[in-house]
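Here you get one chain, nothing else, as C-alpha cells; it is the form predicted alone.
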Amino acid sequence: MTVSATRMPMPGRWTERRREAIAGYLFILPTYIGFIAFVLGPLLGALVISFTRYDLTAQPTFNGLDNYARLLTDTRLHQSYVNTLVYVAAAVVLMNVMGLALAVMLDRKLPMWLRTILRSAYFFPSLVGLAYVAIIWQALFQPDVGIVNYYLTQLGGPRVPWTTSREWVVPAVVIVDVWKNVGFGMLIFLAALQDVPKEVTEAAEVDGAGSWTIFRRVTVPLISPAIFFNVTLTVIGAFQIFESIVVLTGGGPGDASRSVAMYIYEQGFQSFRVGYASAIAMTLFAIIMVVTLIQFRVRRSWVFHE
C-alpha cells in the first residue's frame, strides 16, 4: 500500500508570490488612500454632520433627525429637485441620442481627413471647463445682442429671453451642457460601433434586412454595453449639475433653474447651515445610488454580452 505524500510548495515559490502580492498592493495603495481621503472620509463626515446643528461659528450640537424633518417642508428644496429631475431627463436623453447619431454619422465611409476633423470638432468642447463654456454661452444667449437670437430673428422667429424667463432658463442650461458633453458620448459610441463585427451586419444584409432593421436588431444590441456605460455616467453627472447654472443663470429667475447641488452650496457656504446642507447632500447621494443600482439591476434584461 502506497501513501501519497502531499506535495508541499517550495519556500522560494511562496516568497515570490508574496513579493508579487505586495507589489500589487503597493501599486493600488495610492488609489485606496485617495478614495478614503477624498471620497469615503468626507462622505462619512457629512453623514455625521447631517445629524447636528452646525453653523461654522460654534461646535456642532446633535439634533437628531431635525435636519431631515426640515427637508419635508422646504419648498425651495422641492423646487430644486423638480428642476434637477427635469434637467436629468432632458440631458440624459439628448446627450445619448445625439451622441449615438453623431457616432453613426462618423462611422460611415468618410475620407479619413474629414472624419478626423469632425471627430475633433465634436469632442473638443468636452475638454473645456464647464464654467468657461457657460460664460461663452451667456454671451451667445444675450436677448438683444446675442448671436442665437440674431439668427432666430433672421429666420423669422421671436427673440427668446433664454436666461431671464422661467420657461426658457432650464432649456438654456440643457443646451449648454449637451453641447459640451455630447462629444464624449459620441467617442464612446464610435468606438463601440467600430468594434461591431462586419460579418454580422453583412449576414443580415444577405438575409434581406434593411438598414434600420440592422441598426435596431443587430447594431444596438451589440453596442448595448456602451449605451449602458454612457447612460450611467450621464445620469450621475446630470444629478450633480452645478457650474453651468451658477455662471449662466445664478439659479434664477427666482428658483426656476436652481439645482440641488447649487442649493447645497448656498445652504452650506452662504447661509452657513452646514448640518442642513449635509442632510440634503445625503439625500442626493442616496437618490443617485438608488438610481444607479436600479440601472445595474435592469441592465440584465437589455445589455448584450458576448
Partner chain sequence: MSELTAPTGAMAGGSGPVGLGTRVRRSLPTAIAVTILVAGAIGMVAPFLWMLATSMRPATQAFDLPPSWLPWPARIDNFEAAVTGPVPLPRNMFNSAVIAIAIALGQIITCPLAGYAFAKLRFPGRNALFLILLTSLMVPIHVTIIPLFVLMRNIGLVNNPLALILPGITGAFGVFLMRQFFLSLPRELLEAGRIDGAGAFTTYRAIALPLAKPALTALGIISFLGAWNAYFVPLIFLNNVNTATMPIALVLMLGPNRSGNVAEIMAATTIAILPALIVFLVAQRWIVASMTSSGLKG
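Positions refer to the first chain, counted from 1. What you see is a predicted model; the values in this text were computed from it and never measured.
There is another form of this protein, the form predicted together with the partner chain, and it is not shown here; the text below is about that form.
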| item | value |
| --- | --- |
| Selected contact from V160, L77, V92, I188, since only one has a non-hydrogen atom within 4.5 angstroms of the partner chain in the model of the complex | I188 |
| P42: touches the partner chain in the model of the complex, heavy atom cutoff 4.5 angstroms | yes |
| Contact of R297 with the partner chain in the model of the complex (heavy atom, 4.5 Å) | no |
| Contact flag, Y68 vs the partner chain in the model of the complex, heavy atom cut 4.5 Å | no |
| Exercise: I214 in contact with the partner chain in the model of the complex, heavy atom 4.5 Å | yes |
| Triple contact flag V196, T201 and T292 to the partner chain in the model of the complex, non-hydrogen atom at 4.5 angstroms | yes |
| The partner chain in the model of the complex - contacting residues of 113-127, heavy atom within 4.5 Å | L114, R115, T116, L118, R119, S120, A121, Y122, F123, F124, P125, L127 |
